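One chain comes next, on its own, written as structure tokens: the form predicted alone.
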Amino acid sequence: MEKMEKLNPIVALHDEFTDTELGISLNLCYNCSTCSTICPVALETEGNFNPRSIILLANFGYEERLIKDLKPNVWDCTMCELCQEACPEGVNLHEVFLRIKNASASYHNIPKSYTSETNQVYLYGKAVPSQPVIEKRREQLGLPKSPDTEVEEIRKLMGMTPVEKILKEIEKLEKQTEEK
């Protein structure tokens, strides 16, 4: 059996942005800035995060900068899809951002806040595990007790993705860095 060669994520992303329906969608962008003016993250960061700049870089072949350097950092996108809903040309921004995130994950280039939160979900079924102080506050507010989480079910679902492997590889890289 022939060994499959691992596809370079930069090349794969470039191909997705040129020779596919997604690439056609991406090429429809005429830089009107509607996405940037409606983006809540762009508004909150006073333009430091700018969906338009990500689309421009993707359109002009700067995949390496987007997925290795994270400049601009696509992980700042909350995936609310407001930009896509407002886009006058119907550019599939959500899918573009998702593909960039997936490609950067293949390089283990994920902000620590995301990997630690993902690890919490894997371990406890929630990003913020239930704690006595949280339950006490919920009771004071008249809220019901937090529902129990089916951790094994969540782990099974996460197991259908490369998340376990990526988390383990990132943990290994962090330990190597600490040892140096």
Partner chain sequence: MASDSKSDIKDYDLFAGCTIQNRIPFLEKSARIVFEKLGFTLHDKSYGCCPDPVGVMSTDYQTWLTLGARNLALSEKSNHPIVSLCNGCTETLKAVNYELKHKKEDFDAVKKRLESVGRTYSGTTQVKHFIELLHEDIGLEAIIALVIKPLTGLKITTHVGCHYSRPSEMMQVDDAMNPRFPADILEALGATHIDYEEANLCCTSALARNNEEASNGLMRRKYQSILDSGAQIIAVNCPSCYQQLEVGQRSMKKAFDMVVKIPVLYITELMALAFGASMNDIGLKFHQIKPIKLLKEFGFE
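Everything numeric here is computed off the predicted structure, so don't read it as measured data. Numbering follows the first chain given and starts at 1. Think of the rigid core as the biggest set of C-alphas that the two forms share within 1.5 Å after superposition.
Omitted from view is the form predicted together with its partner chain, to which the following refers.
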Have a look at Leu123, Leu43, Leu28, Cys32 for me and say which one sits with a heavy atom within 4.5 Å of its partner chain in the predicted bound form.
Leu43
Interface membership of Arg137, its partner chain in the predicted bound form, 4.5 Å heavy atom rule
yes
Does its partner chain get within 4.5 angstroms of any non-hydrogen atom of Met158 in the predicted bound form?
yes
If we define contact as a non-hydrogen atom of the residue within 4.5 angstroms of the partner, is Asp69 a contact of its partner chain in the predicted bound form?
no
Contact between Pro129 and its partner chain in the predicted bound form at 4.5 Å, heavy atoms?
yes
Suppose contact means any heavy atom within 4.5 Å; which members of 159 to 180 contact its partner chain in the predicted bound form?
Met160, Thr161, Pro162, Val163, Ile166
Kindly check if the Cα atom of Glu21 is displaced 2 angstroms or more between the shown form and the other one relative to the superposed rigid core.
no
Would you tell me if Arg155 moves between the shown form and the other one by 2 Å or more at its C-alpha, with the rigid core held superposed?
yes
Shift of Asp69 between the shown form and the other one at or above 2 Å (CA, core fit)
no
Cα-Cα shift for Asp15 and Pro162, closer or farther in the predicted bound form, minimum 3 Å
closer
